[in-house]
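We begin with a single chain expressed as structure tokens, specifically the form predicted alone.
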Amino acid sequence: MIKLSNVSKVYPNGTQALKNVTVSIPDGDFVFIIGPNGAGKTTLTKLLLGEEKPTSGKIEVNGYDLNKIKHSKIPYYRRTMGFVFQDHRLFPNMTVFENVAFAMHVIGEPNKTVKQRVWKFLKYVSLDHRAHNYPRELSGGEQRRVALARALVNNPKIVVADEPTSNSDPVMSVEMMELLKKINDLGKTVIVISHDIKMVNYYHKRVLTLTDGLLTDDHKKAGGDENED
């Protein structure tokens, strides 16, 4: 469960990035978060990641109170979540296998477990044949799938994907979204931050709209007859 109660975020320069946002996302939900540049999407992502704390209001995720969480507890909290960043954040001098394995090594998983789970999730994203390649040898879509495998390898409850279809061709975009849908079908909560309105409308999932730091719409799409705005 993700619960934000009257959450505001004001940066030291006076920018008010979020304004009294209240929303609940139940376990197993699939949610798109949309809005123009400067709407507050990046700030919301940083708050969920624990990189920032709210100026006011309360955030609870997976039983953690992010207002009060100690710095030493943040790594444990982050194990309950998997993030797919827009810039991938892959290590250029590590192979695909090593990039995915890194997420397990940092929490001290035994090598046998690491090997089994890394191969499992590389196969899941259809990149087992690329295990020994380096990020620079992959397409943008392949790099994004490596990032997704890394996000999944520690079995998180929640997966957050930041612009997973940006700079991708239509085939790659659909492929990535279908992977995220499969993850949601396994019972994971999936949050997709996106500018791709056509893709958002196609999947008919819950849509949260941020505008100038305000949550201006919370719309549950259903059926197949929604028209694009």
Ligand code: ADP
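Residue numbers run from 1 along the displayed sequence. Since the model is a prediction, treat every value here as computed from it, not as a measurement.
Below, we turn to the form predicted together with this ligand, even though it does not appear here.
Only one of the listed residues (187, 63, 26, 36) places a non-hydrogen atom within 4.5 angstroms of this ligand in the predicted bound form, and that residue is 36. Contact check for residue 54: no non-hydrogen atom falls within 4.5 Å of this ligand in the predicted bound form. Although the partner is absent here, residue 50 sits far enough away that none of its heavy atoms falls within 4.5 Å of this ligand in the predicted bound form. Among heavy atoms of residue 17, some come within 4.5 Å of this ligand in the predicted bound form. Heavy atoms of residue 201 never reach within 4.5 Å of this ligand in the predicted bound form, leaving it off the interface.
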